[in-house]
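So this first bit is one chain, no partners, the form predicted on its own, shown in structure tokens.
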Amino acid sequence: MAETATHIDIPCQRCKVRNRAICAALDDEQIVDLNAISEHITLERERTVFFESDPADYLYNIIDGNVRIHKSLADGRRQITGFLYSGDFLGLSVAGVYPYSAEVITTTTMCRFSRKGMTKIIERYPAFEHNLLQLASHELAAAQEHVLLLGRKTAAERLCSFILNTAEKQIGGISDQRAKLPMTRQDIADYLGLTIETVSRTFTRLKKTGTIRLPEPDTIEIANFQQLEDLALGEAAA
């Protein structure tokens, strides 16, 4: 008589970001090993996940919520370098310390993995290592794009590019013309290298020209996608 396979029900198999997170490289049997080294944590708004230069003892996968990452400047100012969403991974480090600080901007649930345990998973499953290498490559590309954003684009081009990129990263994205902006206007200013006054004025101009709508402070609707894209590329006047 044939032996019946036993189904093991674990949280990872029910995770809503299972198919688009870093763990998508593992099959249902392999995910059992990953589940063994993970724990769920929930942090309230404005709590710190880790500080820049802290020992990088853990890695994180966002299940639900939003995280901002930033670096501190010598004069005490901050440069926000990115915003992370459900399914995103954070905590990669080459030097053994975190290269940036990470804070949650909405109540956020994450999977936390010990670095030692993750090293064993990487050694055991090459496909998982491949996903991590791809992630590192994407982070480098995003950093290069951010340098271009800060160095070559006008205020309107920066904000329009930000709106498009934010919409693309969210479920539904641009297809339904709506995106959440869980970060504050000050966060956006710090990310784009602008003042909060410039960000507010640019939002107002985009709204007046019918390019976007702002039904709620944390929600944006793209009313004219082509116009927004042209503005982001510097092919139209704000």
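Position 1 is the first residue in the sequence shown; the rest follow in order. Only a predicted model underlies this, so the values are computations on that prediction, with no experimental measurement involved.
Although it is not shown, the form predicted in complex with a further copy of the same chain is what the next lines describe.
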| query | finding |
| --- | --- |
| 4.5 Å heavy atom contact, L132 and a further copy of the same chain in the model of the complex | yes |
| is_contact(G87, a further copy of the same chain) in the model of the complex, heavy atom dist at most 4.5 Å | no |
| Non-hydrogen atom contact R77 with a further copy of the same chain in the model of the complex at 4.5 angstroms | yes |
| Proximity of P99 to a further copy of the same chain in the model of the complex, heavy atoms at 4.5 Å | yes |
| In the model of the complex, segment of 209-217, 28-36, 43-51, 64-72 with a heavy atom within 4.5 Å of a further copy of the same chain | 64-72 |
| Sequence-ordered residues of 135-158 touching a further copy of the same chain in the model of the complex, heavy atom within 4.5 Å | A136, S137, H138, E139, L140, A141, A143, Q144, E145, H146, V147, L148, L150, G151, R152, K153, T154, E157 |
